[in-house]
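Consider the single chain below, provided in structure tokens and representing the form predicted alone.
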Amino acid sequence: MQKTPLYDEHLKLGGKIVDFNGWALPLQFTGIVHEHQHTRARASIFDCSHMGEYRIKGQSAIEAYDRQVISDTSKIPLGRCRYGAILSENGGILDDLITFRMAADELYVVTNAGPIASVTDRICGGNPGAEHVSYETAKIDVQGPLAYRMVMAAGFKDVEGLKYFNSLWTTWRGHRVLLSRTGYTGELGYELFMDNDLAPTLWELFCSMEDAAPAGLGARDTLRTEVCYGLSGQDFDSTVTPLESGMAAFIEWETEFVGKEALMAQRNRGDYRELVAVKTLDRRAPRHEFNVTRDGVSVGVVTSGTFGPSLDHGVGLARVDRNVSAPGTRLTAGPKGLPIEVCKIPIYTKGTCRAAATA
């Protein structure tokens, strides 16, 4: 397994290390439910240094990148971020990503760890203005209602006034850091990108703060499932399209991109399933790959499922036939016929991600 710059820090804190897409990352420190609840109430620190990062400089390089993704980067204002995806020729999702507009002629792109080799080939292949910087970049996420207070206390004064899905370059103790108000928990949060050698110092500083605590992959998963954020390689992959994965709103149909022809054909046919939020009526959880049925007939499959600590019942995502995708529809899942109900996204509605950031 590859190790992040924070691997030794995790061992010091008693983190339970697991293999996540070839990376040695902490599953938990004090317990998944405890870390989940701490994030919702205060703020947690996550090591996300396994993620992929790319710098794209120059107008021609940006135009080449534009042809690879479903987004239209010309519509991203300076300092803003936009969610999107990179597709195969058949319209399948190679990976989802976020594109940051850092300057008129500069983008910063964040992807996932699993498909990084194929994504790098698509972004950087034949594009000299695209640079793969993942292995020299560490990423620390501060997530929770008190995240703003902690990032300010660490000395990142530029965070003041930074709005949701905005980002900027800043300097911290002589080091350049990309700071964005983004995250994967549904709470007020910030993601910080930095050189590897800076990460342990910043991690220790955040973890030493009152009301802060480290959190692992387990809590990250329960948090994101409660707010219905899809996971690459689990809720979607190259076998399904953005139309089947809740991404229709992010497709820029007027632009040209790889996979567009196949995607348009699917849209015109209308013969695809949709990704929906589901909940159980008790503490039992739907599980990944549970068959979803209605009146004994298969109508879909669960893609993610867990117990929701903030809700006290099971939550998940499922890809189902469109005629059973309306909120309120009752279905069953799994070999024992677990009752589930399609519900609005997000399931957990008290998240602070868009709230005003105050000390």
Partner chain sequence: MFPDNLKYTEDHEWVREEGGACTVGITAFAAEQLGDVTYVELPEVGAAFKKGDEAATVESVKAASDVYAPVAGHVIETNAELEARPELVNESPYDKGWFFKLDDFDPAQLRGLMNAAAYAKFVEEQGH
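Residue numbers count along the first chain shown, from 1. Quick caveat, the model's predicted, so the values are computed rather than measured.
Quick note: we don't show the form predicted in complex with the partner chain, though the next part is all about it.
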| item | value |
| --- | --- |
| is_contact(A61, the partner chain) in the model of the complex, heavy atom dist at most 4.5 Å | no |
| Exercise: Y54 in contact with the partner chain in the model of the complex, heavy atom 4.5 Å | no |
| 4.5 Å heavy atom contact, K344 to the partner chain in the model of the complex | no |
| Contact of Q28 with the partner chain in the model of the complex (heavy atom, 4.5 Å) | yes |
| All of T137, K139 and H175 with a heavy atom within 4.5 Å of the partner chain in the model of the complex | no |
| Proximity to the partner chain in the model of the complex (heavy atom, within 4.5 Å), stretch among 248-256, 275-283, 103-111, 181-189 | 275-283 |
| In the model of the complex, the residue from T73, N127, T222, S167 that sits within 4.5 Å of the partner chain by heavy atoms | T222 |
| Partner-contacting position among C48, L331, V320, I32 - heavy atom within 4.5 Å of the partner chain in the model of the complex | I32 |
| Any residue of 105-130 that, in the model of the complex, places a heavy atom within 4.5 Å of the partner chain | none |
